[in-house]
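Given next, in structure tokens, is a single chain: the form predicted alone.
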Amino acid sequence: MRWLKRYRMETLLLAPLVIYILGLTVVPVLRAIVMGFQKKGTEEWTLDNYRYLFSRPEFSDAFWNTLIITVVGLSLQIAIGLIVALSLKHITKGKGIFRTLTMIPMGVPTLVSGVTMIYIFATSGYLNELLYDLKLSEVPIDWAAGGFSTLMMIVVADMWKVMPIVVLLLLAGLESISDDVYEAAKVDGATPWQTFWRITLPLLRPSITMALILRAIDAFRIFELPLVLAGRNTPVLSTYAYTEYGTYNNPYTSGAASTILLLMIVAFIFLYMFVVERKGGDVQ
């Protein structure tokens, strides 16, 4: 009580933040984890929810679809985001206009961007018309029919929506690199490729790490775009958990699926931090 009287003002200022974190983050997450280990009706402790999940082919499909979308999406986002960030850094005329245009997708709601992508990937959409005009396809392709083409459609749609965040992070990293470093490399006779590989990429690694972690968390829990573009043809873990909760009225199985999704996110972050980052530190 003496401590509370001494830090009364600090406690009052921190109380809304603590209530927000506990009420909207920690408690719901812990509740979902606990429900994943409980039996519906009796709430006895059990692993039946996980046995049920691993016996369902739909869950297996959702698991692998989530992994493929995350790995392929992150690779493309970092590669293309780096090209766009390098272009924006070195462009001389109209820099402000191009940077503003690049940020436009970030202001579009996810559901709206999903509906916009339907106009592109529909059987009578712009992409099929383009493929037909270029004589690359005689019949319209149903991109939402399931399989690898649907996964790539979701990857492209997600990449368009989140690219501004990746570009912003990488561009901030590029702007933080001093011009003196590049001038010294030029004096030493380094080629443009050597400068990029030996200077830009190593110094940009903190920004790449931040972009990878932030985007991986979002990619693992991607929800709206798969639901709008593919429905139930191509489930991911988040939409599968939603289906178990909303369609089958089984919050306990949904909690188990959500727990597995959370473990995948945590495992990816630890794997990257302790394997990739440590290896990079040893190289330095």
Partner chain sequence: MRGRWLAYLVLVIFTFVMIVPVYIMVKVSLSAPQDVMTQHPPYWIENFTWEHWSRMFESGNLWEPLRKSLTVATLTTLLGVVAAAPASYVISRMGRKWKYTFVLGLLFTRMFPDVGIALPIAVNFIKWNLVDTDLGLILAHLIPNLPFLAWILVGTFETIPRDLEQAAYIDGASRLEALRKVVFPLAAPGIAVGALFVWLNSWNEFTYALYLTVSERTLPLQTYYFINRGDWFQSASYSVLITIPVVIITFFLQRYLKAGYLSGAVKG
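Keep in mind that what you see is a predicted model, and the values were worked out from it rather than measured. Numbering follows the first chain given and starts at 1.
The same protein also has a form predicted together with the partner chain, omitted here; what follows describes it.
> At 4.5 Å between heavy atoms, only one of the stretches 104 to 112, 193 to 201, 179 to 187, 143 to 151 reaches the partner chain in the predicted bound form; which one is it?
The contacting stretch here is 104 to 112.
> Each of Val84, Val167 and Ser238 having a non-hydrogen atom within 4.5 Å of the partner chain in the predicted bound form: is that the case here?
All of them do, each having a heavy atom within 4.5 Å of the partner.
> Is Tyr20 a contact residue for the partner chain in the predicted bound form, using a 4.5 Å heavy atom cut-off?
Flag for Tyr20 set to yes.
> Just to confirm, Ser258 within 4.5 Å of the partner chain in the predicted bound form by heavy atoms?
Close contact exists here: in the predicted bound form, Ser258 approaches the partner chain to within 4.5 Å, heavy atoms only.
> Would Pro206 count as touching the partner chain in the predicted bound form under a 4.5 Å heavy atom rule?
Output for Pro206 is no: heavy atoms all beyond 4.5 Å of the partner chain.
> Would Lys93 count as touching the partner chain in the predicted bound form under a 4.5 Å heavy atom rule?
Yes, Lys93 is a contact residue.
> Between 124 to 141 and the partner chain in the predicted bound form, list the residues on our side with a heavy atom within 4.5 Å.
Residues within 4.5 Å: Ser124, Gly125, Tyr126, Glu129, Leu130, Tyr132, Asp133, Pro140.
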